[in-house]
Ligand code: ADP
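As a starting point, one isolated chain is supplied in structure tokens, in the form predicted on its own.
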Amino acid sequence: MENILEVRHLQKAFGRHEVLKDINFTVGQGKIVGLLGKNGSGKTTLMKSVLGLLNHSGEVYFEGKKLDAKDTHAMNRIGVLVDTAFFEDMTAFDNLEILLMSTPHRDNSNRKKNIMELLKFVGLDENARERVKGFSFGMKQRLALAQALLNEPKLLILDEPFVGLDPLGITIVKEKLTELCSKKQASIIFSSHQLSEVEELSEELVVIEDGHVKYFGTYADLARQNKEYRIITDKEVTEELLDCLKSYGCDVKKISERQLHLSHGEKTLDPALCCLHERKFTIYEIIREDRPLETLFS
């Protein structure tokens, strides 16, 4: 599968503070990639650096060519929802029309029809002639998505697209993003604090921690690498037992008098069971409790 975006050895510092350190990842054609990290981990800085809004070292390639923020043809093929601004006293329709009219080398003969179709796509067609200053935060988020989609981009870079949306708004945006990928083969990289949305939408994940890529790969691979189990036994879980399990390399904790939680069980379930057997514990039940995304932030 051809990669539409490649980030190679990207680094960014503010003074002596290194925010991003040797960041490497790719985004495939028609793929959705979730960008995760704690507050302050550098997600927004990464997006701005990729877009050329911040100076950085390293290289960014878009459609096989080194991306230059001054290349209007390339930049018009990238839709952006990062620090979006509006003309608040103007209508939703007028905000989009101004952007269309300012796009070079574009045929705008059908712009009114195109704008209304786009507003309908994000569920704002009935609000087209309303001033943006009267919009809720969620409506502004959907209008920002419409702005990002104006030029039918091949790549979308979205910073927290679900923030401020009600459940209906989240559903609408998720459906539209999925539709863009499946029908138009657009690619998307988006950041979010909502792990459930990332899990549901993303085919691949980029997890940033301390300026590095902590994980880059599919959600399925992450789940396979982070199997978690709850083990219910017939005897009390003592500190002595916990010490024994840890000596076997197990990452365990006591969650009740007779229950253990075992992390990274793909590597240590067998040693844990061996330790329990040696100490004559009867195991009543082993329950799979995978939470792969949460383990990345533990």
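Worth saying up front: this structure is predicted, and the values here are computed from it rather than measured. The first residue of the shown sequence is 1; numbering continues from there.
The discussion below concerns the form predicted in complex with this ligand, not included here.
> For the chain seen here without its partner, which of 26-34, 247-255, 58-66, 41-49 has a heavy atom within 4.5 Å of this ligand in the predicted complex?
Looking at the other structure, the answer is 41-49.
> Would Phe14 count as touching this ligand in the predicted complex under a 4.5 Å heavy atom rule?
Yes.
> Closest heavy atom of Val19 to this ligand in the predicted complex, within 4.5 Å or not?
Looking in the predicted complex, residue contacts with this ligand include Val19, since a heavy atom lies within 4.5 Å.
> Out of 151-180, which residues reach within 4.5 Å of this ligand in the predicted complex, heavy atoms considered?
Stretch hits: zero.
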